[in-house]
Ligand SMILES: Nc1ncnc2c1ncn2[C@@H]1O[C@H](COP(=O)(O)OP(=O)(O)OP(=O)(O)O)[C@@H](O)[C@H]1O
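First comes one chain, alone, set out as structure tokens in the form predicted alone.
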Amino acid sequence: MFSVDDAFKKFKSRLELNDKEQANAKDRHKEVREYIETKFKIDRSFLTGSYARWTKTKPLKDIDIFFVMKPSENHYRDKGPAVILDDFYLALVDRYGRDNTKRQNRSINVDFGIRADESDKTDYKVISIDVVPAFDKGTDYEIPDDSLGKWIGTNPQTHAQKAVEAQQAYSSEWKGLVRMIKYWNNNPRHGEKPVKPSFLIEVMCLQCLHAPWGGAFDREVQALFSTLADRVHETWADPAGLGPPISDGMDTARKDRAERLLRQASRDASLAIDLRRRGKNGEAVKAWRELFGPRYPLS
């Protein structure tokens, strides 16, 4: 019999990046990096964000690439963040076309024209990447924030270290749970993502998942949905202590909506747990599939 425990283990595995996906991400990173280096003076570039922290869920999109500028490009720091974002945007439009290039508040998104099928599969290909211009600031970095009209501090290495520590404290299950909640957050049935940016889920989970690991994915997930709903209205600081609160991207109306959807997810999870408790394992698996989406297996 295919149990709920079996389904969650398979679900967790399906959300992990495999060799083909990593190879495609590497190829895309190399392609974009080499092009950007013909347009700007780049000191170094590296993959960052949830992809680098192994908390990226599927389908694989919006992989962050940090481009650390050489000191000779410091003239950008004396200008508003819009200037460097505009220049990066125009450079990427020249390569990928206006329809596939989107200017954002802190980065430029490049879409590769890959679409997920009804099972959320992309033939192991990356859908899009985010190009982030950055400057060194001591051991930290500064990136442009057009919504605030200024340069803000950040440190991807600090974020990554906190994720490593959380993973170790939670019996190596923390990242798997984060990917599951992010996958739920990406479900197209929501329309717009309930929690935005997705990094906010990860930041909240640093505090909302308390060690030790309880041993049962279904109960951990239900409790996590409930706790996230309880705390989504709080202010969630940048884990590196450098930039503005991560929760600043959501106003009260968005937080109200996120709370409502998270509470519904918690109730749906409770019903799935009850089905399992009553011996209706097959129905429980189907209930979890309905909650999460097509990458949650039925067999």
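Heads up: residue numbers just count along the shown sequence, starting at 1. The structure presented is a predicted model; accordingly, all values stated were derived computationally and were not measured.
Below, we turn to the form predicted in complex with the named molecule, even though it does not appear here.
- Task: Using the partner position in the predicted bound form, report whether residue 106 sits within 4.5 Å of the named molecule, counting heavy atoms only.
- Result: Answer yes; at least one heavy atom of residue 106 falls within 4.5 Å of the named molecule in the predicted bound form.
- Is there a heavy atom of residue 254 no more than 4.5 Å from a heavy atom of the named molecule in the predicted bound form? Taking the distances in the predicted bound form, the answer for residue 254 is no, it never comes within 4.5 Å of the named molecule.
- Query: Do residue 156 and the named molecule come within 4.5 Å of each other in the predicted bound form, heavy atoms counted?
  - Reply: It does: once the named molecule is placed as it appears in the predicted bound form, residue 156 has a heavy atom within 4.5 Å of it.
- Looking in the predicted bound form, any heavy atom of residue 33 within 4.5 Å of the named molecule? Heavy-atom contact with the named molecule at 4.5 Å: absent for residue 33.
- Item | Proximity to the named molecule in the predicted bound form, single hit among 226, 187, 101, 198 (heavy atom within 4.5 Å) | Only one listed residue qualifies here, and that residue is 198.
- Picking from 262-270, 37-45, 24-32, 61-69, which part of the chain touches the named molecule in the predicted bound form when contact means heavy atoms within 4.5 Å? It is the stretch 61-69.
- Item | Non-hydrogen atom within 4.5 Å of the named molecule in the predicted bound form for each of 50, 53 and 182 | Yes, the whole trio is in contact, each within 4.5 Å by some heavy atom.
- Pull the contact list for 218-244: residues with a heavy atom within 4.5 Å of the named molecule in the predicted bound form, in sequence order. Heavy-atom contacts within 4.5 Å come from 238, 243, 244.
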